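Take a look at this single chain, the form predicted alone, given in C-alpha cells.
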C-alpha cells in the first residue's frame, strides 16, 4: 500500500509540473503592461520583475519562478489588485471559498444519500418515479441557472436573502455569514444532491437484488436489518469515493457561482484575473496551481479511500 501511495504521489507531482510548465509558457507568450503605466510605482514593479527574471531566457525565468514559488513568492498583482502581494491576497480570500464549498457538502451529502436510499427501497413505486424525475431535471440544468432562479425567487421575490454578499465584517463561520452565503450554497448543492441521489439509488438497487441479500433474508434477518448490515455497507464502497469527487465538482462550479453572488473568494478572483485587461498573470499562475493540485490530490484520495472502506481491496496489487 505504501509503495502504491508513493508511486501515485510521484506521478501526481510529475503531472502537476507538466501542467504548470504549459501554463507558464503560454503566459509568457502573452503581452504584459509596461511598468511605466503604473506611475509612481514603476520602480517597485521593475524591482519585482527583476526578481522574477523578466527579460531573461525563458528557462531562466522558469527556474526563478519555481524557486520563488516554493518560497511563497508568487509575485505582485499588476492589474487586478495593483501593487498587492499575490499570495497574501489569495490567503485572504481562500476562507470564503472553503466556507461556501464546505456548507454545500454538509448540506448536499446527507440529503443526496437519504433520497437515494429511499428511492432504492421504493423501487418502481410512485416515490421512486417522483425522485427520479426530479433528479433528471436537476442533473440536466447547469448550476448557474439555479443561481439566477434562486436570486430571482428567494432573493428578489420573497426577500429572504440578499442578492449578493454585502457584509464582510463578520466572522467567516458565523450565522450572519451563513445567511449571506445560503443562496450560493443552495445553487452549488442542488446538482450534487441530484448526482448522489442517482448514484446511490443505482448502487443500492443492484446490491438489494444480489444473491447474498436473499441468503441474509433466509437466515432470518428482516429487510431493514439486511439493508443496514449488508446492503448499505457494500453499496458505500463506490459511493464514498464519489463524495470526494463531488467536492472537486463543487469547487470548480464555485468559480461562476462566486461571481454571480459577489462572493469575494478565489473563484471570483480567478475569473477576474483572466478577464482583466491585460490578464493578471501572477494571479493566474497561483490559482491554476491551486486548482490543479486540488484536482490531482483528490484523485489520489479517491483511489486510496477504496482500501479503507473495504479492506478486501488492495490498491496496486498485481
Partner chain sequence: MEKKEYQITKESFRFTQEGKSLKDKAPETKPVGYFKDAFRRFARNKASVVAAVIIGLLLLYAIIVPIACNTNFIDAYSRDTAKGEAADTDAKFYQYLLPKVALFEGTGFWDGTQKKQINNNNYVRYKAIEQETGAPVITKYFREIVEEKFDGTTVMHEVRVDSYRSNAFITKTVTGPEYEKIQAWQQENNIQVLFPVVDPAQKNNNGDITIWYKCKLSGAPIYAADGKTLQPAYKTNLADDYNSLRIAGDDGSYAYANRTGKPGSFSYECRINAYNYFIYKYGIEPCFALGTTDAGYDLLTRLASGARFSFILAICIATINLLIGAIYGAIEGFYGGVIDLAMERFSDILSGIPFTVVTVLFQMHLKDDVGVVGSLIFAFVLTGWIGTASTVRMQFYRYKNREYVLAARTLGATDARLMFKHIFPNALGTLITGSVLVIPGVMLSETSLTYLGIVNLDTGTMSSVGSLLSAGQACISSYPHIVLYPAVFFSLLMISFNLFGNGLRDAFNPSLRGSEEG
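Positions refer to the first chain, counted from 1. Given the structure is predicted, the values throughout are model-derived calculations rather than measurements.
The discussion below concerns the form predicted in complex with its partner chain, not included here.
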Original post:
in the model of the complex, which of the stretches 134-142, 112-120, 172-180, 203-211 has residues with heavy atoms within 4.5 Å of its partner chain?
Top reply: 134-142
Original post:
Any of the heavy atoms of residue 160 lying within 4.5 Å of its partner chain in the model of the complex?
Top reply: no
Original post:
Would residue 283 sit within 4.5 Å of its partner chain in the model of the complex, counting heavy atoms only?
Top reply: no
Original post:
Would residue 151 count as touching its partner chain in the model of the complex under a 4.5 Å heavy atom rule?
Top reply: yes
Original post:
At the 4.5 Å heavy atom threshold, is residue 298 in contact with its partner chain in the model of the complex?
Top reply: no
Original post:
Of the residues 277, 70, 59, 29, which one places a heavy atom within 4.5 Å of its partner chain in the model of the complex?
Top reply: 29
Original post:
Is its partner chain in the model of the complex near all of 14, 259 and 292, within 4.5 Å of a heavy atom of each?
Top reply: yes
